[in-house]
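In the form predicted alone, a lone chain appears below as structure tokens.
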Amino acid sequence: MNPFDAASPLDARYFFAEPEFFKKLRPFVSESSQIKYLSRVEAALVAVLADAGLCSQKIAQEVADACDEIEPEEVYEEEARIQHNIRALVNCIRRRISEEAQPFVHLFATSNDMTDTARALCLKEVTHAAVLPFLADLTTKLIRLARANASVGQIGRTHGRHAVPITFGFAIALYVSRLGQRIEAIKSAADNLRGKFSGAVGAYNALTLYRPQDPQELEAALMRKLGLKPPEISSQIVQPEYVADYVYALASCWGVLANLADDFRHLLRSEIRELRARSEGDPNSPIVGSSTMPHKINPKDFENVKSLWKAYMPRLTTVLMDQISEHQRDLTNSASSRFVTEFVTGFCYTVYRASSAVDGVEPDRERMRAILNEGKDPIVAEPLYILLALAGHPDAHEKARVLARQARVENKPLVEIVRQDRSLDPYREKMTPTNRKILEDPALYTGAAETRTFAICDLWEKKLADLLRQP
């Protein structure tokens, strides 16, 4: 397929345009792969029937071999003829096998036994093969960045204004923790996806003709063979909350990525410049930032992360709307549910792009230090208030507020005003030398930022290793 003929910009600009990314995702999210997943489920069904003694293992192998040979083109051609996608696949399998084997293809099953099970299998496998590794790679890069800058002072900001100091590593450790927890949620949701093999209305009507006492055991056996969990109960479709929970886990993680992108691109702003693009130091870089302003280097990768989040976040609503299906099932989720794999692809590309964007920037430590030193003086008001209160001052907050106002009115450094106020001497004497140093240089007022950074990095390095080891 010519990518320039694609209707979706996801395909044309991102999926087909990145060979490494395309190679990683194609086995799971392409239309071809969906046919392969359906074929795997059909083959597994006959294998379970053989295990139960309903047909021979030879027949099961014959069906499995036929399923391996199925090509999407022939299934689509047959669907165009008969107007039913699953029966089209069944017909294509049956054409390849003996008359002895033909009765067992799709036996006892309804279409959604195949489609819902294939979707669950696809989402679980793409999660372990692509989603989690991409996220782990990004998080590992952030861990390295946090460790390297655990003690690098940075002005903290709340409401877009200077607050009190942190370290740059601490700011990054926050995202390590947020992404780590989202990784856990995604894995949990993926591992909880369910298939089904309970027939036209979910009550095992067809299966009870063969196994009236325990039809659900064949369903459980099929799910085990595929590495899935069986549902507690179903209608013609699997309870939709399993997929909704999975997509929500991706969506909430996507929000963290968008937040990370915003924070990084704001630190790249001309008036802040606490981050810089690595390409700025390369005179031979061919990157063009503007069609008219040759001097510009734009944070386009981080902007792309935010833009893709905006494009796909509303699709979570569609998934939630797919929770509603009248009675045992209607077809109002038939088209909409097909886009779940596109959501996964868009999410994976965003992680992939964010990882590349993080690689493309570096902290400007001198600039961070300069901004911190420039804005540190008013910061002394908070540690002053706390230390005065600990030393027994009866109205410490008011005293600090009055001194801060005096500094503004007299246009003097607050540190100097505090140092000259002799009424504070009795309280100063009760302070530790370390705390008195903070009143002289509030840039030292970084709290437990450094130790918490290392603690978070240690925690998530271990957790990521454990998560990726688990099946």
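All values reported here derive from a predicted model rather than from experimental measurement. From 1 onward, residues are counted along the sequence shown.
A second form of this protein, the form predicted together with a further copy of the same chain, is not displayed here; the remarks below concern that form.
Colleague: In the predicted complex, does residue 64 have a heavy atom within 4.5 Å of a further copy of the same chain?
Modeller: No, residue 64 is distant from the partner.
Colleague: Does a further copy of the same chain come within 4.5 Å of any heavy atom of residue 318 in the predicted complex?
Modeller: Yes, residue 318 lies within 4.5 Å of a further copy of the same chain in the predicted complex.
Colleague: Look up in the predicted complex whether residue 117 has a non-hydrogen atom within 4.5 angstroms of a further copy of the same chain, and give yes or no.
Modeller: Answer no; every heavy atom of residue 117 is more than 4.5 Å from a further copy of the same chain in the predicted complex.
Colleague: I'd like to know if residue 124 sits close to a further copy of the same chain in the predicted complex, meaning any non-hydrogen atom pair within 4.5 angstroms.
Modeller: Heavy-atom contact with a further copy of the same chain at 4.5 Å: absent for residue 124.
Colleague: Quick one: which of 168-176, 221-229, 144-152, 130-138 gets within 4.5 Å of a further copy of the same chain in the predicted complex, going by heavy atoms?
Modeller: Partner-contacting stretch among the options: 168-176.
Colleague: 16, 111 and 245 - do all three of these have some heavy atom no more than 4.5 Å from a further copy of the same chain in the predicted complex?
Modeller: All of them do, each having a heavy atom within 4.5 Å of the partner.
Colleague: Using a 4.5 Å heavy atom cut-off, which residue among 358, 351, 190, 164 comes into contact with a further copy of the same chain in the predicted complex?
Modeller: Looking at the other structure, the residue within range turns out to be 164.
Colleague: Which residues in 301-326 have a heavy atom within 4.5 Å of a further copy of the same chain in the predicted complex?
Modeller: Read in sequence order, the residues that approach a further copy of the same chain (within 4.5 Å, in the predicted complex) are 303, 304, 306, 307, 308, 309, 310, 311, 312, 313, 314, 315, 316, 317, 318, 320, 321, 322, 323, 324, 325, 326.
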